[in-house]
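Here's a solo chain for you in structure tokens, the form predicted alone.
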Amino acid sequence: MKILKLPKNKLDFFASVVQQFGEVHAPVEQNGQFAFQPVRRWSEVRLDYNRTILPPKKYFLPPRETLLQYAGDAGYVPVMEGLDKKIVLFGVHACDVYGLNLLDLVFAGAYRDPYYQARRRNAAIIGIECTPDEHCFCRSMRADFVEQGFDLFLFDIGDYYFTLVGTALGDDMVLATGPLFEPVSHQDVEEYKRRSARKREAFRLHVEIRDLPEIFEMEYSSDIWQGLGERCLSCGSCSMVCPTCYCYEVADEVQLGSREGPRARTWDSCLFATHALVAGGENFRKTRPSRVKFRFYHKQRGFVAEYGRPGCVGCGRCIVACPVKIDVVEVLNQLRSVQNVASR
């Protein structure tokens, strides 16, 4: 992996150059929160953001999209418009890159999703280091640093960005800027290591994930789930903002007076009362406690069994979004606590 440095005072010039690789999207402030949006003026971009409202998955698995158009006996026609649009996501945090890496595993598995795959092929990722706040626990989830899934990744070392070049596309971006990037010195490496150590010490939330799947097996019948179910509103906010939640619903919409229409895919949530509803009216997870428990088990047990790591990246979005203040870190630490075992 090539390592270079980029002068901070030339960042806007670099951003203008990478436009040749696609439409640039970056975090922009909206009423005190942040969202990835197309960049109109570089002065609007906030690379010092804590987290965006929605993760970058919205670009690859949109909240709502039309998959195909059908028409009576004529069959169906896939809707492919926009899938070849090239974009550059500028300023993606390591935890969100990690989230995309997990979604790549899901949508490149036994049932490959051509819509997701096409959008991923046409997107460039420029990551940037973040500063943890009171809701971040990505270090505990081993997602505070990524070794793949980005084209370039920037680390603040003062007057420069310490830059990792992760792909051939990232190298092309560097070459397109001419002499803008510079070789790193020994002092740059030392500064990177000092700042990296300070960041590790800045995390305020911690959770131990070692043997957590086994703890979940032991606590399947814990009273915790009933208590969480009584608090949960089944609003699905945590699923909507999660970088790795990928449940969706597919429905045909029939145009009035015809036998044709679109087939649309929309985000779904395992917390919705209808998520496990099947033909005949049977609902495998009718109660809120059962749905809350399923979500936690899928993230911390099912993902580990399928992909070798939890489905949580520690971004803190679900903590911020939950209207009844269900805190995933508190839940995980409570499940592990000796007091919880002793109380039964």
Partner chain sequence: MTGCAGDQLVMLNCEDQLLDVVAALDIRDFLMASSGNDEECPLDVALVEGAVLTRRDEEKLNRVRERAKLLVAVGTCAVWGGVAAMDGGRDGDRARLLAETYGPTGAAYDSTPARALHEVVKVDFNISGCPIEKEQFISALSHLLNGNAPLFPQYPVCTECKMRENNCLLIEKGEVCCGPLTVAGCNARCPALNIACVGCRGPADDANTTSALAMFGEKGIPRDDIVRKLRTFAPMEGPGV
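Numbering follows the first chain given and starts at 1. Everything numeric here is computed off the predicted structure, so don't read it as measured data.
Not on display, but discussed next: the form predicted in complex with the partner chain.
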property	result
I128, V207, A123, C232 - the one with a heavy atom within 4.5 Å of the partner chain in the model of the complex	C232
Contacting member of T266, Q148, S185, S221, with respect to the partner chain in the model of the complex [4.5 Å, heavy atom]	T266
Contact stretch among 158 to 166, 92 to 100, 235 to 243, 139 to 147 - heavy atom within 4.5 Å of the partner chain in the model of the complex	235 to 243
In the model of the complex, K57 touching the partner chain (heavy atom, 4.5 Å)	no
R46: touches the partner chain in the model of the complex, heavy atom cutoff 4.5 angstroms	no
Touches the partner chain in the model of the complex: C322 (any heavy atom, 4.5 Å)	yes
Interface membership of G308, the partner chain in the model of the complex, 4.5 Å heavy atom rule	no
Within 236 to 255, the residues that have a heavy atom no more than 4.5 Å from the partner chain in the model of the complex	G236, S237, M240, V241, A251, D252, E253, V254, Q255
